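Okay, here we've got a single chain as structure tokens, the form predicted on its own, with questions on binding and movement later.
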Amino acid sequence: MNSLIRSTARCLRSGAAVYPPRQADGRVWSASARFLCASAGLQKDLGEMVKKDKVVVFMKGTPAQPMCGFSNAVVQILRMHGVDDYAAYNVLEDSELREGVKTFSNWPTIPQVYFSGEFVGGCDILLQMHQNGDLVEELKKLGISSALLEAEKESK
């Protein structure tokens, strides 16, 4: 019990207080203060994680060993454009991260791609951007020259 009180105090001091909703009769739903604090802390951490690198991917597995076809497709698309320097987070290693990133982005599926802290989308969006050429332009805004542009220049 003392650890719950200490973690609640830390949570309140950090400004991560979250007020649980009230039922119609005025009673408060019971919720673990530790969970509420962890949830608020995770959202703050996710905000920092997506801003830390130009390209961030939350995926199942790792770039070297994707554990689902959609994550593999994102890795392959980035690889085709020569984007090798990006942060990748394996959501299979942390169920709290897996659910937290879905809440953070308000997007229900994994993988999730971020450019300079902004949510881009999942595999389907990245594939569409690749196919219509928007990905080349978005990478250029990040200061990343697409390898596909270089290959096109060499073939001329």
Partner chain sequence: MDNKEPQNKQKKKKNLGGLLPQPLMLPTVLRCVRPISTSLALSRPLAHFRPHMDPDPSRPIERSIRSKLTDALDPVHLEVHNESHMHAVPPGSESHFRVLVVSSQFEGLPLIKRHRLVNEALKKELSSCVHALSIQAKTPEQWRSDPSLAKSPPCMGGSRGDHTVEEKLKAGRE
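Numbering follows the first chain given and starts at 1. This one's a predicted model, so the numbers in the text were calculated from it and none came from an experiment.
One more form of this protein should be noted, the form predicted together with the partner chain, which is absent from this view; the next part is about it.
- Among residues of the shown chain, Ala87 is not one whose heavy atoms approach the partner chain to within 4.5 Å in the predicted complex.
- For the chain shown alone, Gly121 is a contact residue for the partner chain in the predicted complex, at least one non-hydrogen atom being within 4.5 angstroms.
- With a 4.5 Å cutoff on heavy atoms, Val83 does not count as touching the partner chain in the predicted complex; it lies far away.
- Of the heavy atoms in Ser116, none are within 4.5 Å of the partner chain in the predicted complex.
- Shown here without the partner chain, the chain has Lys60, Pro66, Met67, Cys68, Gly69, Phe70, Asn72, Ala73, Gln76, Ile77 in 58-78 lying with a heavy atom within 4.5 Å of that partner in the predicted complex.
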